[in-house]
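Single chain ahead, written as structure tokens, the form predicted on its own.
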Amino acid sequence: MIQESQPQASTSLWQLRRVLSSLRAYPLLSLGALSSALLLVAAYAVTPQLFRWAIDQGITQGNLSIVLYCSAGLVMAAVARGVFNFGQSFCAEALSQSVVYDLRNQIFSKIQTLSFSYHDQAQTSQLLTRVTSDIEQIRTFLSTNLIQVISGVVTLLTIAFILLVMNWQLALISLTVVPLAGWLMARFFRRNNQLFRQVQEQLSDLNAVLQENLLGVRVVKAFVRESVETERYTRLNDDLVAANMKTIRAIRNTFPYIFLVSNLVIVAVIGYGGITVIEDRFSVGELVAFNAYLLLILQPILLIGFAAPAIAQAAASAERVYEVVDATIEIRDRPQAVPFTTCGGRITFENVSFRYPGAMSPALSNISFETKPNELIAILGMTGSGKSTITNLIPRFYDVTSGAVRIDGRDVRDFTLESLRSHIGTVFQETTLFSGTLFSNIAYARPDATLEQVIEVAEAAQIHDFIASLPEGYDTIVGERGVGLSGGQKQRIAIARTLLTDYSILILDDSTSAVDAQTAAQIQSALDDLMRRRTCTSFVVAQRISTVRTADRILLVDQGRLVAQGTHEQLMAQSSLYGIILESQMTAAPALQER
């Protein structure tokens, strides 16, 4: 078990060193924290010498002036310790906040650039925990534990030198605690690094259940599953507590030994030191000073010991954070990528096959077709047939496994991602709205759009009348995730948002699935008119044949294969599958009307 955790511990400590390397970006704060720490050590180191001087030269000699001078020196040392301690804490906290500020931005920016395939497999709760809890663990390490370790090491070296100069025999007895404590803490790191990572994983699992319940609270209540969800959350909470208790037991099995060794050393020093004082080989003041130094040398050992669990936890958190920062961006610009500026409207799929990462079977197999400029293409098929996958390959949300997708004869991978996607308008089946006003949601891709432009696309999406009826109109604040709006209203806002973009290719992925048939027909009519008037090639993904009747061409997809293509009339005559879909929908329509 120990052998398995050693490579993990090495990896975690390497990632922690990466965090430390980021301190170089803030040299003044780093220098301020380090200088304050060194001056604080010096203020502590001079204090026992003032005690020794006051006892040996003042009290035992009856010299009041020496006692007064030493008292004044002790007051100045105390003030200096307060000033330097504040400087150390302030600079360390400012430094930690600056580093984690950069780290938060770094991980958030990386999440924005990661491809769909990464987000398909990554849990949102895991990412949230890494951006919040793991980052906070790193901040605590930088603001508190790091300065404790640095101060502790400097104190150990400084006090060890002073002790050796004062009495090397007592110093050797005192310093035996250092290698023993170091060995115990190294052993603690080797054995328990994976344990601290497990705690963070358990916290992520707990956050996952919390997130699911917050998002799905209506479903939970509708099916009266409150007690079941509470039990599930409690079970994971118990697992988290159990993992934390394991870390406490690990601390219990290590640090009492450090305390025991420290106390035994104090007993040995007092015993041997008392003998040397009796034999006049050591003065009382020197023994008092030596004992004070001994406490100073034990204090950093204990502080480093207490910091060890936090350092182990920060190392595990750093590894988890850098797993995201170092994640491979699968969809990226090629070295010689060029801007996508004009679109003639000819889109070609050449023997395209695609398999989702981790999937056992391909989602698409040997798809080939070519569109004409300004053509309205409908993609029809059963659920899970691969309709949305086809359209996701055009803006390179995914890259083909084999074959090529071309625009005007050029592979889409030859274009820069930003320019390609900025000229492709996409309405996803799952609607996402952001916090803010209805105006800002519609103008999301064009913040400089005028109210007239927003109203124009809202009218095309059949949502303007609803917005105009609201007391605050387009300034109405959208609730969290669009709460307060129906599914159809959110979908129409998403359509308006896409229509406002400067698109040359328009993709509507089942964009009217959440509205009634009459509204869907109105939206489709407006969109058809808009698409006919605007120079663009359009793709409409749908399950309802009524949505795609007016398309110039219908692509019929079944189990990842293009099985037929043509107009509605041609497919009625040529494709049995198309006839089956049409018959099933015509049969279902009267049944729905009866209800």
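The shown structure was predicted, so the numbers you read here are calculated from the model rather than taken from an experiment. Numbering starts at 1 and runs along the sequence shown.
A second form of this protein, the form predicted together with a small molecule, is not displayed here; the remarks below concern that form.
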query: Of the listed stretches (175-183, 231-239, 383-391, 204-212), which one has a non-hydrogen atom within 4.5 Å of the small molecule in the predicted bound form?
result: 383-391
query: Ok, 474, 428, 398, 466: which has a heavy atom sitting within 4.5 Å of the small molecule in the predicted bound form?
result: 398
query: If you check 439, 188, 356, 503 against the small molecule in the predicted bound form, which one has a heavy atom within 4.5 Å?
result: 356
task: Report whether the minimum heavy atom distance between residue 418 and the small molecule in the predicted bound form is within 4.5 Å.
output: no
query: Does residue 363 reach the small molecule in the predicted bound form if we count a contact as any heavy atom within 4.5 Å?
result: yes
query: With a 4.5 Å heavy atom cut-off, would you call residue 120 a contact of the small molecule in the predicted bound form?
result: yes
